[in-house]
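Same protein, same chain, two forms; see structure 1 and structure 2 below, as structure tokens.
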Structure 1
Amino acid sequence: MAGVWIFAENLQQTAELLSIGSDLASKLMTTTSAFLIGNTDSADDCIAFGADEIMELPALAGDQPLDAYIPVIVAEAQTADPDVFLIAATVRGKDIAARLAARLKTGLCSDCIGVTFDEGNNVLEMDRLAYGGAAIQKVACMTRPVMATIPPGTYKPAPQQSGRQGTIRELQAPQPSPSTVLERRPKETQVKDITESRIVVCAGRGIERKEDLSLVQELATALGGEIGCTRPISEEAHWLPEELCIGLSGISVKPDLYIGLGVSGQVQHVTGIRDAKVICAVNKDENAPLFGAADYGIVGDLYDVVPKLIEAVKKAKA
């Protein structure tokens, strides 16, 4: 038995991986299987998203870490010999993927932004960012299963197909992990998740004072969007939370409209907005790198340009 396997921590991530997984399975003329952690209510949803088989992992006894499932998954893989194994690139997902790859003695491509099947050479090719986002590295793994971790949000969730049929199989309960979780504390955040925002207005180093962020927020509010920032604003000046930092070391956004205010546009930041539909730049430096990535640009002082943009937006909505 072969196939494309999916492992993720929640239904949303599973639906995203099934989007690319089902496409690969079609080209490889095989099936898709998804692991599901102790929630039979989601099995039908996973099948509707494209899974042909659901492998249910029983809920862990007590407060065990996810790595307790590794021996069970390895045993299944050694028996079934899957072609491809896609895992969500969360903190826990990447840890599990590395351990699985080591036990299965296969390669692992981390943080892939694309997976394609080269029919001519009959190999899977995986794309990942390299050199701080300045280049895209293409990787081909010749061992089985081909393993890759894919960041959440890389693919849109697969469309649901009502009435779709699949099989559900419960796997054996894992042995207790040698590690024990003593306490779980959710990370506290006071800001909205902007990764799903349709409009993002980003504050860059060109903002001179913390109180001037109100100008950025006013434009974002007028447009019905959210505010983001570059690393100097969050990590150096500490004017905004790190959860709003956009770039290679922060978050990636895919808005319909991105506006960079006083953003120079170094490659590490541009990597985080590469999938934005429309990129606009406002900067008084005509040589700012962001203009090279922008669809529209305004060369000018943001303190002069932004109030005019706010006025124009409000006038258009009146």
Structure 2
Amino acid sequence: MAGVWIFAENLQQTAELLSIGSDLASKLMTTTSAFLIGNTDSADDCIAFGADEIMELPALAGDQPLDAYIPVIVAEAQTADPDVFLIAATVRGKDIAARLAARLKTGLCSDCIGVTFDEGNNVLEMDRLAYGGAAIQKVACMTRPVMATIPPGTYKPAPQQSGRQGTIRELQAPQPSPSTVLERRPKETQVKDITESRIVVCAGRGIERKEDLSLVQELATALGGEIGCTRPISEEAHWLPEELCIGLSGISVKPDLYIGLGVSGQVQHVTGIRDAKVICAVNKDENAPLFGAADYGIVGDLYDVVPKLIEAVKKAKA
């Protein structure tokens, strides 16, 4: 037995991983198998997305964490000996992947952003970021299975094909796990997704007070864009939701125009704006690293510059 295995938390992520997974399976001349969580009726969808085999994991008790599935998955992997095991890089996915890799005594490429198959040597080479995004590390796994976590959104979902056949197999229910979930507290608000926005104005630590975010918003509105932020604004000050934090541990954006206001431009942030068409910076420190990563910069106090920019943009658009 062998195959390319996929584990994700929902159907969208599974479909994305099946896109790269089916591609690899055809190169490796093998099949794809996907885990499905709980009593779902999406097995047929999943087969249409390209899975040859579905392994259904019985639903968990309400207080069981997702990692309760680890022993079940390990047992399957030890019997079936998959070639490749791809896992969606969600918070729980990253945790589960590392623990599975430890149990299976194999290597894991975390946050894999690209896979190439070297046919001559029969190895998968996987790209990931290192040093905060300053470097791209290419790795190869020397043990079986080759494991990788892949961030949601890295691949487009596989197209649905009608008439595909597949097998469905129900796995055993997981044993009670040592850790229990006492409470689940959902986030209160839904935040707009800015990953596809055309213009993004980013608030950095140079913003002194929460109220001053209105200045950033005003510029964004004048430009017809959205507001984003750096990590200190979302995670330390909690002025904006984390979904707007751009960078290595946040989101990546690829707008036509990015303007950073009071953003120093540390590599972990810049990594998230690499695909922007035009990058601009407003910073009072002429040596701020963002100037080195920007197309156009304004050296000055944002409290002086931004109102002027708002005026000028309005005039240019009028």
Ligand SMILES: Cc1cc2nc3c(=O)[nH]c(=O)nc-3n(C[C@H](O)[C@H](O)[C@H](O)COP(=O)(O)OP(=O)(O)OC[C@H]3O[C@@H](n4cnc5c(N)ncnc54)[C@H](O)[C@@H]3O)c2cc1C
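Computed from a prediction, not measured in an experiment: that's the story for all the values here. Here, a residue number simply tells you its place in the sequence of structure 1, counted from 1. The term rigid core refers to the maximal set of C-alpha atoms that superpose within 1.5 Å between the two forms.
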Pick one: is 1 or 2 the form predicted together with the named molecule?
2
When the two forms are laid on each other by their rigid core, does Y69 show a Cα shift of 2 Å or more between structure 1 and structure 2?
no
For D83, does the CA position differ by 2 Å or more between structure 1 and structure 2 when the superposition is done on the rigid core?
no
With a threshold of 2 Å on the C-alpha, tell me if L28 counts as moved between structure 1 and structure 2 once the core is superposed.
no
After fitting the core, how far does the CA of R274 move between structure 1 and structure 2, in Å?
4.0
Superposed on the core, the Cα displacement of E242 between structure 1 and structure 2 in Å comes to 3.6
